[in-house]
Ligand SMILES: Cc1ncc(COP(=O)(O)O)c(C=O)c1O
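Only one chain comes next, encoded as structure tokens, the form predicted alone.
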Amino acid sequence: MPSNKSLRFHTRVIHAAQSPENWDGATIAPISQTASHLHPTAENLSSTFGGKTTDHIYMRLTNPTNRVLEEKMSLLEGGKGAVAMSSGMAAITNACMALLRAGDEFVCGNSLFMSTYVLFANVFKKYGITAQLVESTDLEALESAINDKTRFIYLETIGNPKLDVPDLARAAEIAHNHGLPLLVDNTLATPYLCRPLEMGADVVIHSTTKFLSGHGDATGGIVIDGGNFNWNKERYPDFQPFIDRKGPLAYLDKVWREHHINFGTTQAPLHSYLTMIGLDTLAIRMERYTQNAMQVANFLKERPELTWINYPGLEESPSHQTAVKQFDGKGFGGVIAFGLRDQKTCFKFIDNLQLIYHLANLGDCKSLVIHPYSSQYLSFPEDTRQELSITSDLIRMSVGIEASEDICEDLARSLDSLS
């Protein structure tokens, strides 16, 4: 078979990490549902514990099914290695904790998934770690927030649910000028739209639960290491043992050895298996998501019931030009944000939908909506909700792969009911 790099994305997403010759001819990686693995000799197990072999020992450490997903995602993102985990939040937590100690700081965009915000602003604070939140697209503010205690910069490719798109290449340049790595949550874009490592980022994180899986049937997360960052002794003195052990993959080794296996954030092999089945159709699903979302956004912006709409594909979006450059004409993602008159109107709109599902997820084959203000962000103080652009009139819609006409007709029926 041609090398992975010579294959186009639509082919690579199907054939990357395929190894039927090692799977008794199976064309889907088998589910290795076993807690531990037999070793032929005491010497072999000792060598594996010592890192001299890559044999499997115990599911909390590694698993054959999970390893195939790791290899596949590393190839799709252009990384040098990956660790699959039990959820997107497990991946975010481990990716950040591997770089942090008490008293440290990091800079991040303020357009963050709800649980990411809670982790950064509240949980880390209890351990003496400070997240410096700035406007995600304000690169001057991003750079101004850096100080001697800063350990990394963190951004989302497409903010959830604000849908702003930061310039990753410029953010990476700023980070590297200060000797810092750039970590990017690429969940909403996926490697179909954007590969942050190719733009200078150092670490990519995904909630595989969303678009990568695409069927609402499996949770998971993954951390992918670009393997190019120089972990200098002055700013990262705790990295030396990992550098000695794994060289360019020191960071990934630290994530895995120091946090993942000790926090017990193991990915269930069944969920890796389901995620890989979903990945086979990622390219064609992303084509459909983005086409449908563009059509739905154009439909919605003409509806008088809406007080505002935001989608990176619309020319009036503040992030449109950055999205055009960064996503290389492949689309603008599958999530739309829009406003209705007030919370009561939002509730009536949701309750009158017939086709579109109301649930707390996104990136599914099905179209989904949620009122974030009264659900995911219900417990947030009002000033925090305003800071994160979570207003009482906001509807977040994840556009599915149904016929766009049917999606728009369902939206129209519900919007008509508001008059």
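This one's a predicted model, so the numbers in the text were calculated from it and none came from an experiment. The first residue of the sequence shown is number 1, and the count goes up from there.
Absent from the display: the form predicted together with the named molecule. The rest refers to it.
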Within 4.5 Å of the named molecule in the predicted bound form, all of 109, 133 and 150 (non-hydrogen atom)
no
4.5 angstroms heavy atom contact with the named molecule in the predicted bound form for residue 362:
yes
Is residue 92 close enough to the named molecule in the predicted bound form to count, meaning some heavy atom within 4.5 Å?
yes
Find out whether any non-hydrogen atom of residue 77 is located within 4.5 angstroms of the named molecule in the predicted bound form, and reply yes or no.
no
State yes or no: in the predicted bound form, is some non-hydrogen atom of residue 293 no more than 4.5 angstroms from a non-hydrogen atom of the named molecule?
no
Taking the named molecule in the predicted bound form as the reference, which of 312, 196, 220, 214 has a non-hydrogen atom within 4.5 Å?
220
Out of 137, 265, 209, 326, which one falls within 4.5 Å of the named molecule in the predicted bound form, going by heavy atoms?
209
Thinking of the named molecule in the predicted bound form, which stretch from 270 to 278, 185 to 193, 99 to 107, 238 to 246 has heavy atoms inside 4.5 Å of it?
185 to 193
Residues within 4.5 Å of the named molecule in the predicted bound form, restricted to 140 to 165 and counted by heavy atom:
156, 160
